[in-house]
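Two forms, one protein chain; structure tokens for each follow separately as structure 1 and structure 2.
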Structure 1
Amino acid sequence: MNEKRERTKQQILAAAIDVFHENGFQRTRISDIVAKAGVAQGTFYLHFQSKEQIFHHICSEFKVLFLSLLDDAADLFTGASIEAIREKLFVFIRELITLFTANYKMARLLFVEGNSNGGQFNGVYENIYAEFIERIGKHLLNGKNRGYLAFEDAETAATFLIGLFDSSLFYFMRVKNHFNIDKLSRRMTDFMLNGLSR
């Protein structure tokens, strides 16, 4: 794909993210997206077949960003001590909050909009969520095997952690608007570890 075509595609994607965020998926029309992007409707169809396809693409882009961060944190719950794990978890949560705040509209599309619309995107949402749970569950088992964490079931613990993270973070981003990322990361870290450590 040449540079100009790629720039146009990114322009359409950015416009779609904005319009989906402002209007919601159901009320968004392709004409709204192209108007925001400043391109012709035919140009949209050179890159995407429908608004459903562009929505899937946006969710996939966020999934790649999120999973990349998870993959880089393979040793998240291992360390020489619980304090070493606490510091790793703090750094990870801070990076995750930074990722979510920098890509708030994309994250909201996946976690909020993707889980509504009468089930239209439930499959996408559930598959991505399941993948997040599986990866975090593996990280948790590593920590449990080292003797620092205690829980009955890794899948349940991972589900609790993700649910806690996305629900509370969206609250802070939507309601509080301005918050100290380091302070919130530290509080989340302490709360999570209190529920997982021996």
Structure 2
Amino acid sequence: MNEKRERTKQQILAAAIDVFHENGFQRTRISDIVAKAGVAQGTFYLHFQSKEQIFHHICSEFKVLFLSLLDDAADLFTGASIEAIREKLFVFIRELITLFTANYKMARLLFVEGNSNGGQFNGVYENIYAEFIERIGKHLLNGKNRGYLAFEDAETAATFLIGLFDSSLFYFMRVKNHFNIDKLSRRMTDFMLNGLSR
């Protein structure tokens, strides 16, 4: 019984991600979600309180995945040599890209849809973006202190890296059906490390 309930909830979630991605938050109707999920209108409200709430739920789900990846990157820009650092950064970026591509729709909901819409979901977005920048900024300082990196201001540098990462990644995911993750990760890594060298 409980298992079936959970299955229904997952159906609704999956359908919601799809139609939110397709039509945007505002333009998707609950009726779109339930139609795609194959359940009745009222069933939606057994599992979620409102359209807003399910959107938050989806964003939070991706946020957890994303932040756990950030946690694993604690010693980014800390290594025995610039080549060791390059390798670590490459692995990290590849993991990030893999996460984003595997959850493209969710990622886009949080990072793009969440960023617009006149403040309605800016809380979630700004919160996670600030976290992203702060952590990368800290790691960058490590690299600078060890003499591997050169930049004037950590926040600015972090913003450059992250901006480059998210904006171009979403571009590729949007316009290319498939792209070589390894190659893109490598190019990003090189561009970033070059950008932060003297």
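Structure 1 provides the reference sequence; residues are numbered from 1 along it. These figures come from a predicted structure and were not determined experimentally. In this text, the rigid core denotes the largest set of C-alpha atoms whose superposition between the two forms falls within 1.5 Å.
Here the chain taken from the form predicted in complex with the DNA appears as structure 2, while structure 1 comes from elsewhere. Once both forms are fitted on their core, the CA shift for residue 164 between structure 1 and structure 2 remains under 2 Å. With the core held fixed between structure 1 and structure 2, residue 40 has its Cα displaced by at least 2 Å. A displacement of less than 2 angstroms separates the C-alpha positions of residue 180 between structure 1 and structure 2, with the rigid core held in common.
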